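One chain comes next, on its own, written out as structure tokens in the form predicted alone.
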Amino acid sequence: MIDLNIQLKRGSFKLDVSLALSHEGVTSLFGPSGSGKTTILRVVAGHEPSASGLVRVAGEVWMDTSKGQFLQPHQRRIGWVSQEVDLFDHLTALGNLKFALDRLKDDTSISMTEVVDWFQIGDLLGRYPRALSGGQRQRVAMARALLRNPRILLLDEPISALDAAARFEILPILDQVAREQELPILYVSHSAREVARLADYVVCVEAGKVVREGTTRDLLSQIEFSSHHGSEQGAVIEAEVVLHDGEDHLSQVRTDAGCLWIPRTDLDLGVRVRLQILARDVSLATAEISQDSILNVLDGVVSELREVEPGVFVVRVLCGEGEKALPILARLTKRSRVRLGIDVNKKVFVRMKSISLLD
């Protein structure tokens, strides 16, 4: 486990956070600017000596002010990457990677070759940072952080300054690293789409406090959470690729509530994927409609609804049975809600106009 019970006061800002996180997968610290997300990372890394409380990673105590224990940053096995790339300008990409290896005092379980392959930087090794694009620099920085053989990887909005293409080239790599190395990652972000793609667990931070936390699927489908994210509001579900239709350029995925069609993917059959279904792309019906263009329809039961702005409701529908039921969000007008009689426990048909493959 990663156990955090930390307090810090700086001027009018107060940080008071208590968390018990799994020592595997990706945990996203999510919230608005100034909420304390980066400060939490800095405390874990040992860069805030005025903080008090406890930091314990995989049973190793890095800070316990009640016992006068405090490991200096260089004594903590961390990998750190921020939005501001801190590569050494006088060293090539390869030189930056070797710098990390040379500072290790014990053997690393990750080889240079593995890291270069993961981050696809083999053809960049001879270049200096000034000759690299923003996305290339960040890939080298992440590779260097990994070569430090860290116990935990701390990522502070590392791709927020990149364009969309570069961002979604890097996210699958981080996902692979977390899975194959069983390396815990604390990932700071304010992008709901990044969180939906990468995170296993989400911690929402506001004004120095944890206001809610939970698995990505559960948290992103909560109306209270999702209503703050406008066009990114929606649910995230997991599925398995089960069929490719070459003629119609579609692929079929199996979810706990039934099969869905998505645009054709080259992923192998049996691969697990994440899907995002935005609330604005979902409509509700109280009777089956057979003659229209919608391919994906699931039946479900309304579990919650809330007016999130004047005349606009967000409805949470559970599709499927029991604990595995999929939560789907839909936006509809007050007039539509009244006309259809939409209320809690109402049986409805969830009609999805678009489904995004996040992998």
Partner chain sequence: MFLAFDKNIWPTVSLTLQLSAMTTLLLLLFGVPLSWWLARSRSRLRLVVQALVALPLVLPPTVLGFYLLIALAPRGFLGSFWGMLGGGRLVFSFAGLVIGSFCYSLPFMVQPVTSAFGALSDRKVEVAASLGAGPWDRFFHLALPVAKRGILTGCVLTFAHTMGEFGVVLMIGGNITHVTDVLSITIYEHVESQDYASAHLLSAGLLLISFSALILIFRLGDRRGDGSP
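All of these numbers come straight from a predicted model, not from anything done at the bench. Residue numbers count along the first chain shown, from 1.
There is another form of the same protein, the form predicted in complex with the partner chain; it is not shown, and what comes next is about it.
Listed stretches are 165-173, 73-81, 116-124, 263-271; the contact stretch with the partner chain in the model of the complex is 73-81, by a heavy atom cutoff of 4.5 Å. This chain is displayed alone, yet in the model of the complex one of 89, 182, 245, 224 has a heavy atom within 4.5 Å of the partner chain; that residue is 89. Contact annotation for residue 139: none of its heavy atoms lies within 4.5 Å of the partner chain in the model of the complex. When contacts are judged by a 4.5 Å heavy atom cut-off, residue 85 counts as touching the partner chain in the model of the complex. In the model of the complex, the partner chain sits within 4.5 Å of a heavy atom of residue 144.
Of the heavy atoms in residue 151, none are within 4.5 Å of the partner chain in the model of the complex.
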